[in-house]
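Given next, in structure tokens, is a single chain: the form predicted alone.
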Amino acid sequence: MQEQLLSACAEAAALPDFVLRQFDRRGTEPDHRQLYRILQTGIRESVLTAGLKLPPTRALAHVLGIARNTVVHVYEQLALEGYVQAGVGRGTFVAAVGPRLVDRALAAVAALPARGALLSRRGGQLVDEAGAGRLQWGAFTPGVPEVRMFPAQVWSRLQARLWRSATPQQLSYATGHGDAGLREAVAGYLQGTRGVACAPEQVVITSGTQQSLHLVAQLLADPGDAVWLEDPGYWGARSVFRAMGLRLVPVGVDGEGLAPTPPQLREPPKAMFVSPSHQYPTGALMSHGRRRQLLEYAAVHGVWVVEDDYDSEFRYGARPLPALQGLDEHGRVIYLGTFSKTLFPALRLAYLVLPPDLVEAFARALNELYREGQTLQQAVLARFLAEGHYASHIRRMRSVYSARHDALIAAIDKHFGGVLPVIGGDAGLHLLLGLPQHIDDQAVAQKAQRAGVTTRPLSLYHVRQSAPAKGLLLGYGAVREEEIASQFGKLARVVQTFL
């Protein structure tokens, strides 16, 4: 076959033997893929050297016994990718793309000072100290609601109705503060159920609490500014503020909520992050007196108060407490809410309630940084709220979660009685099982995971790593009531091995 190639390609340089040896018409790989792979590899490895003229398409097709169009297609693809250069009347030539250029570039890089790790310093810290769990479902994953009972048929019907009349604006990038109907519905809901003092114009729709926190950090603080964080507290806020270069100041939590020390009070932060209606993760409820003190301090020192009201709809045995924002008389509170806990996390819709002077800046920054969308989903959610489906779902799920809460308390009492304390167990979707200080709660959580039960160690929620409190966060939102006893039995057997 090599003699045929040489005679058929007399006017061009012959292809090396490796092309003929590798091309197999009896193989399963298509002809065009074979020829492309062989030529590309030869060029990349400089077996086919720069400047080499390739045979005419008709001649090469004849030698290989394939269609000429196949060769034409391969040559065109190689030219498109820069492996060959072709000119009318001149033929097709191998371009200078072999490894020699790469070798020279690598040699130049090797002569430079070592760059160290691939990630930036703060990027490496973010990854190393990430708090998000790999598993987001099952007993007893904290923070996960019961998504199997979401009224999907109602949502689907509303969505189909809106799709039939969708406007170009709803299918394009979002602008402004979010869907007007949703902002109006959110404002009405918050006024009636959470005691939030706001107009629809103060509501900005985001794609989750993490994005809301990013906006707060971007717009209200500069790198190096101090921010108070509840300790233990929500890892998501810690990660965002640290990644934005803010200086984290861990502030302890007692039975009344955030409890700054006198030295801390003498150095006001730029902002503080609190969850007063159901402190995460301890479940502490901030007292009215502590709320008043905090707001007065913020007003006097110009501190922004970021209130995370993530699951206060679910309170058992008592009405939910009004939001901290409703007590604010000086415009210092930024209220964060989300639909992840009340509907389903994958919806990725949340909101900020802002002091009037901040609204326009936050809306413009949202559009500038994130190019938001989901406007049609926002419109569906607006109808879901306006037609009363949201309130009905909340009432139903409050009853479901209350029963699951009671079942978990009973299971804990059965296995441990009063030996291990249950903390913050009257609201939300999780409770905290305290452990003796000498126990490694991270080791307990790892062993429980191997036994098929997910929990999170309390020590990971501390910013200060010296003598953090020990315990296990138990989320009951995603566990059916009839499964709680058996699932907790697995965890109890693990915990017993550490006591």
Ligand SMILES: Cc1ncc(COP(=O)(O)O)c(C=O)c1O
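Predicted model, so just to flag it, every value in this text is computed and none were measured. Residue positions are given as counts along the sequence shown, with the first one as 1.
Omitted here: the form predicted together with the named molecule. The next part is about that form.
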Would you classify Tyr280 as touching the named molecule in the predicted complex, given a 4.5 Å non-hydrogen atom cut-off? yes
Is Arg348 near the named molecule? Define near as a heavy atom within 4.5 Å, in the predicted complex. yes
Heavy atoms within 4.5 Å of the named molecule in the predicted complex: does Arg332 have any? no
Might Tyr390 be said to contact the named molecule in the predicted complex, defining contact as any heavy atom within 4.5 Å? no
Where, among 362 to 370, 305 to 313, 195 to 203, 167 to 175, do residues come within 4.5 Å of the named molecule in the predicted complex by heavy atom distance? 305 to 313
Please tell me which of Ser239, Ser340, Gln377, Thr92 lies within 4.5 Å of the named molecule in the predicted complex, judged by heavy atoms. Ser340
If the cut-off is 4.5 angstroms on heavy atoms, which of these, Pro322, Gly245, Gly208, Gly123, is the one near the named molecule in the predicted complex? Gly208
Need the contact residues for 231 to 250: heavy atom within 4.5 Å of the named molecule in the predicted complex, sequence order, or none if there are none. Tyr234
